[in-house]
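Starting off, we have a lone chain in the form predicted on its own, written out as structure tokens.
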């Protein structure tokens, strides 16, 4: 009887170890909407190189932050700004020393139809549009940058009656792509990921018009001992990976 009990305990222990190994081989990543296309490329490459699996949840950085605070099971957070990962660290929800900048966002004014948008500031000043889309500045870093740019150009108050807000920069892109808005402020990476025609209908907003969009990543407390999460963060710092990030429309620190 004692022998059978011991055997059952050994089997149970091995099953627990095995289960822990399976869980540790996954990385659940909260990913800012603007980085979705680039992340898809990096996810595929990381999984192929390591055998680990990445589970992705995307959305506005503000929403992802709120979900993390409410206990969402993310291992790493790739924000579209630097403030939210720092806040999570200060709130004791992220691993101290794991935070770093993985990309620098580039803001553009885009139209799905108007090639004249290359003269973006003049187009905005003329005001010959009904709708101007931007992500909600309160929760989306690209929306905050768009608002800063409009304030810099002394246009914020003038365009208020024409502004439509997307929940995040991905939804903002859709507003313009579906012609629900003639113009919109989006990420350069979103435009580059589409057709060449889309890339010709942009005005890259001068970076002096808005504060740098420093996109930070951080490991969350639940993944403190998750090897896959640690390895993924190292992966993001590799020169070849940084090159991919640059090629898809970002700067790198």
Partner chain sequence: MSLTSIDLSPIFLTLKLAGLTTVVLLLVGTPVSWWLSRTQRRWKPAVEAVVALPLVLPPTVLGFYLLLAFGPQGWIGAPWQQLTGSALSFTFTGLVIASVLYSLPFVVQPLQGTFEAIGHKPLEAAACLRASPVDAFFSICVPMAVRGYVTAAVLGFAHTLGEFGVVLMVGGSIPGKTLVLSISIYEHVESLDYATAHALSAGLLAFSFVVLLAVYVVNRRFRYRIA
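Residue numbers count along the first chain shown, from 1. Only a predicted model underlies this, so the values are computations on that prediction, with no experimental measurement involved.
One more form of this protein should be noted, the form predicted together with the partner chain, which is absent from this view; the next part is about it.
Using a 4.5 angstroms limit between non-hydrogen atoms, residue 165 touches the partner chain in the predicted complex.
Interface residue remark: residue 179 is counted as part of the site for the partner chain in the predicted complex, having a heavy atom within 4.5 Å. Among residues of the shown chain, residue 152 is not one whose heavy atoms approach the partner chain to within 4.5 Å in the predicted complex. For residue 35, no non-hydrogen atom is located within 4.5 Å of the partner chain in the predicted complex, even though that partner is not displayed. Only one segment in the set 134-142, 121-129, 99-107, 72-80 has any non-hydrogen atom within 4.5 angstroms of the partner chain in the predicted complex, and it is 134-142. With respect to the partner chain in the predicted complex, the three residues 148, 245 and 250 uniformly fall beyond 4.5 angstroms at the level of their nearest heavy atom. For the stretch 59-73, the set of residues having any non-hydrogen atom within 4.5 angstroms of the partner chain in the predicted complex comprises 60, 62, 63, 65, 66, in sequence order.
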